[in-house]
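This document opens with one chain alone, in C-alpha cells, the form predicted alone.
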C-alpha cells in the first residue's frame, strides 16, 4: 500500500477515552502533533460532555474502562443520542468477546493493546480519508458552482481565495486589506463583490473580518450571480 499522507489528520478533532492515566497522557501527547485537536478523557461521562460542546470527528476508546464499557458508550451515542461519529476501539487480547459487539456496532476499526503508534495513526488516517476526500469534493463543487456564475477574472480570483480560506465552520476570516495583500484586486472591487454576495445570501458579515459562507445560497451551474465589476 502507498505511504499514507498523515497531513490530512491536521483538519480533524479526536476524542480519546482511556482509563489508564499514563497511557492516556502518552498517546494523547503523540496524537496532538498530528491532529487539529485532541480531547483526552478518563471517563465516558466526561467524553459525552466534550461531544456536546465540541466538534468531534472520530472517537478512540478503550473497551474495558473502570466501571464503564466503551462499546456500551458508543451504542448509547449512536442509538439513543443520535451521534454518528466514526470510532476506533482499543482492546486487550482478553477482550475478544467484546469484538463481536464491536463488529455488530460497525465500529470502523480496532487496535490491540499494547498500542503501536504507527498502526494507530494509519488506522485513524484510513477512517478519516473518505471524510477528507468528501470535503475536498464538496469544496471543488462549490467552487465550480460559484465560478460558473461569474465572468470577470477578478471575480474568479476572489471566489477562489474565499473558498480556499474557509475554515471548518464555513467562516471566512479576512479583511479587505488582507485580501488585497494576497491577490491583485482593488478595494472598490472587493467591496462591491462582497456586497453583491451578501445581497444573494451567499456571504454574511458576522463581525469585522468575519463572514459566513452559505453554500445553500449558491446558484446552480449556469445561473448568474450578477456581480458586475
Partner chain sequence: MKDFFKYANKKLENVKFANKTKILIFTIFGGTILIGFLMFISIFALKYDFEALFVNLTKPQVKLEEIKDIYQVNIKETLSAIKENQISKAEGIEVLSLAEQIIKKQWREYKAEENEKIGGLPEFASNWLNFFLLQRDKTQKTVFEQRIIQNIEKKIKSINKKTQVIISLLNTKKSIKNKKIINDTILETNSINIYLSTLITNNLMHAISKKEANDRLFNTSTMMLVFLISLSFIFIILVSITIINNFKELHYSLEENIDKKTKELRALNISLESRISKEVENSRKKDSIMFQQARLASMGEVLQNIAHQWRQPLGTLMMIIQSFQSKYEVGKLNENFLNQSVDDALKIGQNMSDTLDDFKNFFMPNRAKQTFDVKKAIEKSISLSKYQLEKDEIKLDFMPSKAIKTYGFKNELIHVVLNLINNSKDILLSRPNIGEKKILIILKQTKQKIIINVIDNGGGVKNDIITKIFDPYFTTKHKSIGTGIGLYMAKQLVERHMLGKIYCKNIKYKFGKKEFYDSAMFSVELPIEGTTS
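Residue numbers count along the first chain shown, from 1. These numbers were taken from a predicted model, which means no experiment stands behind them.
The discussion below concerns the form predicted together with its partner chain, not included here.
Student: Just to confirm, with a 4.5 Å cut-off on non-hydrogen atoms, which of 168, 178, 33, 49 contacts its partner chain in the predicted complex?
Tutor: Partner contact (heavy atom, 4.5 Å) among the options: 33.
Student: Tell me, which of 189, 27, 41, 196 has a heavy atom within 4.5 angstroms of its partner chain in the predicted complex?
Tutor: Contact residue from the list: 27.
Student: Pick from 179 to 187, 158 to 166, 33 to 41, 196 to 204: which stretch has a heavy atom within 4.5 Å of its partner chain in the predicted complex?
Tutor: Looking at the partner contacts, the answer comes out as 33 to 41.
Student: Although the partner isn't part of this model, could you tell me whether residue 116 comes within 4.5 Å of its partner chain in the predicted complex, counting any heavy atom of the residue?
Tutor: Heavy-atom contact with its partner chain at 4.5 Å: present for residue 116.
Student: Within 4.5 Å, heavy atoms only: does residue 129 come near its partner chain in the predicted complex?
Tutor: No, residue 129 is distant from the partner.
Student: My question is simply whether residue 92 lines the interface with its partner chain in the predicted complex - judged by any non-hydrogen atom within 4.5 Å.
Tutor: Residue 92: contacts its partner chain in the predicted complex.
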